[in-house]
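One chain comes next, on its own, written out as structure tokens in the form predicted alone.
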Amino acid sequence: MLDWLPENVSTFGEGVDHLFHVIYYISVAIFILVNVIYVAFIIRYRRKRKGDKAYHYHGYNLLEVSWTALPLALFLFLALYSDRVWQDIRYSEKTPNPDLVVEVMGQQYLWHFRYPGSDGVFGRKHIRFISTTNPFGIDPDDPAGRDDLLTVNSMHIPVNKTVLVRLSSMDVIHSFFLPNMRVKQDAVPGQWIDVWFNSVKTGEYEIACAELCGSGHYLMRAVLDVHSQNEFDQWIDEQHENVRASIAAAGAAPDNATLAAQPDDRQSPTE
């Protein structure tokens, strides 16, 4: 009954799917039970003769305690049962050491991605520098930020590696949703929120916005390319070489638009 779920390619996805299955089947069982009781009462207490009147009475303490205590017990069970999976995904002390860190910025209606430059260091950023042409707020006076790699609506990662996403938004609340990775996290303006995942399979996967963020919400989709390690190394080296060539061609500290130019046909200049 649950074959319609997107393919799971995440290391922790099996635990998430298991919880989904448990909650789903509990919900189905409750739905069936309630409707069976409902139909039984309609038949059992229907009016049998013309002129019959309903008998009204107020209160039944055992019934009222039962339908309050049983849902409470169910919710406590689900909270305790799901805590281990929640810890593995969300608790910072259990987050594996990342092999790759990517900054992600949501904007109506784009996803911006930022990788460290060939020096392996992210350039300094500050909120006062954020603009439509500089979505991450990279400090133009920081040399470490001049070779940072920027892409739009296109994220690339290696397979079987822990990826740490540092997530924020420059306008409204968005939701960074990777169905195949079982990741969904709100992107909140003014905050940086960490979320991690590890893909066990190469391929192209959807990145969507799961929060209604405006009239163009349906446009806010990106592509996640999961490569083999060799393919990812080739891709990142090409991007770094392109940035170095742009810097050399500029003959000086380049502007943000020059740094962002990428050969990938799904990428557009952002800075």
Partner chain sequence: MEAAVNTVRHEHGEGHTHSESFIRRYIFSTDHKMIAKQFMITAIIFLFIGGAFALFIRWQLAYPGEPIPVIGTMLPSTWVNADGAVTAEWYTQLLTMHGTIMIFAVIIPLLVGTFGNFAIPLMIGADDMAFPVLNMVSFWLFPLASIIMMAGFFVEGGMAAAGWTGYAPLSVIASLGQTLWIVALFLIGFSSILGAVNYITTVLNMRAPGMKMFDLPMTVWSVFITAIIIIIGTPVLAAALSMLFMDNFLQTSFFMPENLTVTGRDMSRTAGGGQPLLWQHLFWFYSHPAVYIMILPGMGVVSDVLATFSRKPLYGYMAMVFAIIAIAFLGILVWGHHMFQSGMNPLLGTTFMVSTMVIAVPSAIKTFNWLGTMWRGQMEFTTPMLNAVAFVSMFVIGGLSGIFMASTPVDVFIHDTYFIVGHIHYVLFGGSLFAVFAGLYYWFPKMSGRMYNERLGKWHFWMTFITFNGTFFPMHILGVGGMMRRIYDPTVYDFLKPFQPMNEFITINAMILGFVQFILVFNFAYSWFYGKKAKRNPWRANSLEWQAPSPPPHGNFDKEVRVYRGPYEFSSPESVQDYLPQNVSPEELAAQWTRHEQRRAQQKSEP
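Given the structure is predicted, the values throughout are model-derived calculations rather than measurements. Whichever C-alpha set is largest while still superposing within 1.5 Å between the two forms counts as the rigid core. Residue numbers count along the first chain shown, from 1.
As for the form predicted in complex with its partner chain, it is not shown, yet the points below apply to it.
Although the partner is absent here, residue 208 is a contact residue: one of its heavy atoms lies within 4.5 angstroms of its partner chain in the predicted complex. Interface membership of residue 119, defined by any non-hydrogen atom within 4.5 Å of its partner chain in the predicted complex, is ruled out. Its partner chain is not shown here, and in the predicted complex it never comes within 4.5 Å of any heavy atom of residue 160. Proximity of residue 16 to its partner chain in the predicted complex: non-hydrogen atoms within 4.5 Å are present. Looking at its partner chain in the predicted complex, residues 94, 124 and 150 place no heavy atom within 4.5 Å of it. Interface residues of 60-91, taken as those with a heavy atom within 4.5 Å of its partner chain in the predicted complex (partner not displayed): 60, 63, 64, 67, 68, 71, 72, 75, 76, 78, 79, 82, 83, 85, 86, 89, 90, 91, in sequence order. The Cα position of residue 64 differs by 2 Å or more between the shown form and the other one after fitting on the rigid core.
With the core superposed, residue 35 shows a C-alpha displacement of at least 2 Å between the shown form and the other one.
Relative to the superposed core, residue 208 undergoes a Cα shift smaller than 2 Å between the shown form and the other one.
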